[in-house]
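A single chain comes next, written as structure tokens; it is the form predicted on its own.
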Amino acid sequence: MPEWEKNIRKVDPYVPGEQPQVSDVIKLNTNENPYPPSPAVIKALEEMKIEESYRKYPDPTAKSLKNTLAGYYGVDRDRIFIGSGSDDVLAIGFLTFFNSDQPVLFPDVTYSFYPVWAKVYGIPYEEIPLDEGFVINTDDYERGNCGGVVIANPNAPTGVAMDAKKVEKIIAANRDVIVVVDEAYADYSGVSVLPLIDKYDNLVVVRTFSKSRAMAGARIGFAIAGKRLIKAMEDVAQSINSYPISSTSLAAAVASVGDDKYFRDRIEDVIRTRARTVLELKRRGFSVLPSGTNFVFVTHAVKSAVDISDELRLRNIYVRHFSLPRIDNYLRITIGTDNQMNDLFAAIDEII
């Protein structure tokens, strides 16, 4: 082994869902929105002066988007942090807030990027087991002596949403550390702790444009918290990258927020198809966890998850299987259009 190799940081990286490079597939493996972004987004991009947008650096303060989000959520602009997708926002949050010798707490079955960030940044952490129904026991997070808490609500990959009052119990029990609530899928559950940011100065709520706003390719995420916490995040972020958001992404995001009817109509479309999907999968022998997201987490009574996933793939239908403890016989299936789900049901009928 070369001498220099001992100084290289080595980690097991986060593994994103597969992005097949062919068009003739039904892609239900990465929780993307099956519907396009608002027509207002397309119009805003068409009206941009592309040459100038690409030639010049974007606004490092993301002022236009901060102003828009401030109006939409009824908060001051300096309580908003903008990042390149919620992954970037969360990574900056880990680096900013979790700087003690005590372990950061998060569930054992949750977004698998959390332990990756902890390892990359040298943050001690503890994974607390969910109960047999994949639900958080709030008592497990009310013990003190921790370096912080991260909760995805609704959770991923399980899809289970926790009541806001239970999330508040965890926040209230950890007033001496930062509690990050990752609400990437909250628009599909209607459950949010954003109303609590004035009550708790240790709360950071993270959101994304990737799911409900159908803008995963634009890479826009944001956090809302107290001014001091946002200032701390921005100081760290500016020490890494002063221009994280492109001008085109900023314009697209502003336009998306401006078309609230389209946004809410598409959420209802997904929720309606989700309800039908749950019924259809249960009819076919699946157990389905309650979902507050744009996906369902399922296991079959007879057929293994690996076999179903492999058979679906042969039919050009992609779903997500995790080879991880406790969930290796489950599949995460993104909610697609009604026609896509019909094709999924037909394929499952052939398989089982």
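Computed from a predicted structure; not experimentally measured. Position 1 is the first residue in the sequence shown; the rest follow in order.
Missing here is the form predicted together with a small molecule; even so, the following discussion is about that form.
For the candidate set 156, 251, 105, 167, a heavy atom within 4.5 Å of the small molecule in the model of the complex is found for exactly one residue, namely 156. Note on the partner interface in the model of the complex: the residue among 219, 79, 213, 274 having a heavy atom within 4.5 angstroms of the small molecule is 219. Contact check for residue 94: every heavy atom lies farther than 4.5 Å from the small molecule in the model of the complex. When contacts are judged by a 4.5 Å heavy atom cut-off, residue 90 counts as touching the small molecule in the model of the complex. Of the heavy atoms in residue 189, none are within 4.5 Å of the small molecule in the model of the complex.
Contact between residue 184 and the small molecule in the model of the complex is found at the 4.5 Å heavy atom cutoff. Heavy atoms within 4.5 Å of the small molecule in the model of the complex are found in exactly one of 82-90, 227-235, 128-136, 168-176, that being 82-90. Annotated contacts: 35, 263 and 334 are all free of the small molecule in the model of the complex [non-hydrogen atom within 4.5 angstroms].
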